[in-house]
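One chain comes next, on its own, written out as structure tokens in the form predicted alone.
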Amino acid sequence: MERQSMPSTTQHAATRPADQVRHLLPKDIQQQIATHPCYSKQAHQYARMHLPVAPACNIQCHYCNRKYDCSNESRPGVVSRLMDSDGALKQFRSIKRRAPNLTVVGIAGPGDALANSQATFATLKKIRMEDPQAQLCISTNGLMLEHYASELAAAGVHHLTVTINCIDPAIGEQIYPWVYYDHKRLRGRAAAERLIQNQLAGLEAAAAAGMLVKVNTVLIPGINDHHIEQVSQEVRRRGALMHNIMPLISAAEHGTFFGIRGQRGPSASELEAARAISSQYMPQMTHCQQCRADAVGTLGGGCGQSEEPVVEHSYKVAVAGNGEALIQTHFGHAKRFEIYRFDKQQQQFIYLETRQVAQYCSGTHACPDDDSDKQLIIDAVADCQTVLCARMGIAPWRALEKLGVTPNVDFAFQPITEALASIAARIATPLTPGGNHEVCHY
């Protein structure tokens, strides 16, 4: 089935910016991706939530290392805490209560969703029962996709991402040291052949089952950068809707094989050239953030290495908490901050993201004044205009004020939703630079 129009000529595509190549998606497809921020750049106001219920993986990629994490680090396969399906449902309920713009719930690791099929399908079922309107997604390496394609469609998964880096086993064996399939660990060329065969068959099966399939490709200079056109042609022929060519992340401190060996990532011009070549065959996703497997919020909310910041400056409120519905957390006891942005059109705050922080105070009455972690937690909310919490020490209070951030404890032990509604009512007048946006209540 033809999903998008083809350009009449491709002669100069390699030198043409990808975002200048237009593909017309059918109207029904446009409607299906209108509230999915990964599929549509225009859907940046909607939030997505990754539920980290899939720890195991059935392949090894030379660019992947899931052993290390830092709360400020964003890259695929990284999580701070794994969940089971019950914990995932609890987390979804907690966020959804305060985030009407949360439209997408996905499972993207930290391993492979379909290598953890029991946990994945249990989670999908619970989310589906809780919120039938939620758009369910998964990301997979594709090894088991053909096997589970029908079950995924029956579970309500409508958007699916499969990572396909090559269709040539000679290239694949440079990327994948092993694949575990059918109770056997395959290595080298045999591993790559099995993986590619299963990926393409799975892609075709998922598309035939009605899912909108996005193909991710990690661009690796010297390994698959000369191979992008073949990949694009083949995945489009198999039914892929969109191509997301992502730069290799290969910092040595991440401990990946490529990072340790000094394999470099692509330059901006190399990435643009690859996308231009692929754009001859299908629409490109160019706003990918390469998010964590536990990312929550809008794509512009700071989840990863953004090449194109999406969210404009606006009034933001940070709420200290550890998952509660009430504002009951001391600033220094917070393990995370929920960030909300005021939407001028809706005249209310919409959920933007959750920022993980390191708790710097464990006392009941006072916090240490010289702990370096204190500065990190202050930095985490320095771009917000107001911080809501139950209590706050005088030292961080003054530090925040110097940054132009207003601490606010007036809503202590009140519901977060009511506090946000109250603040929204006060700032409902148009925000202008230099205007009086003060909502100080202390």
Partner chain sequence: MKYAITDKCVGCYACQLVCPSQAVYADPDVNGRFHIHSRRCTGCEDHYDAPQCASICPIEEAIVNEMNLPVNPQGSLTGIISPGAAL
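Residue numbers count along the first chain shown, from 1. Given the structure is predicted, the values throughout are model-derived calculations rather than measurements.
Form predicted together with the partner chain: not shown, discussed below.
When you look in the model of the complex, the only residue of 223, 115, 196, 104 with a non-hydrogen atom within 4.5 Å of the partner chain is 115. For the options 201, 190, 260, 326, the one in contact with the partner chain in the model of the complex, meaning a heavy atom within 4.5 Å, is 260. With the partner chain omitted here, the record of contacts in the model of the complex names 174-182 of 275-283, 124-132, 174-182, 231-239, defined by a heavy atom within 4.5 Å.
In the model of the complex, the partner chain sits beyond 4.5 Å of every heavy atom of residue 385. Heavy atoms of residue 57 reach within 4.5 Å of the partner chain in the model of the complex, making it an interface residue. Of the heavy atoms in residue 62, some are within 4.5 Å of the partner chain in the model of the complex. Although the partner is absent here, residue 100 lies well away from the partner chain in the model of the complex, with no heavy atom inside 4.5 Å.
In the model of the complex, no residue of 265-280 lies within 4.5 Å of the partner chain by any heavy atom.
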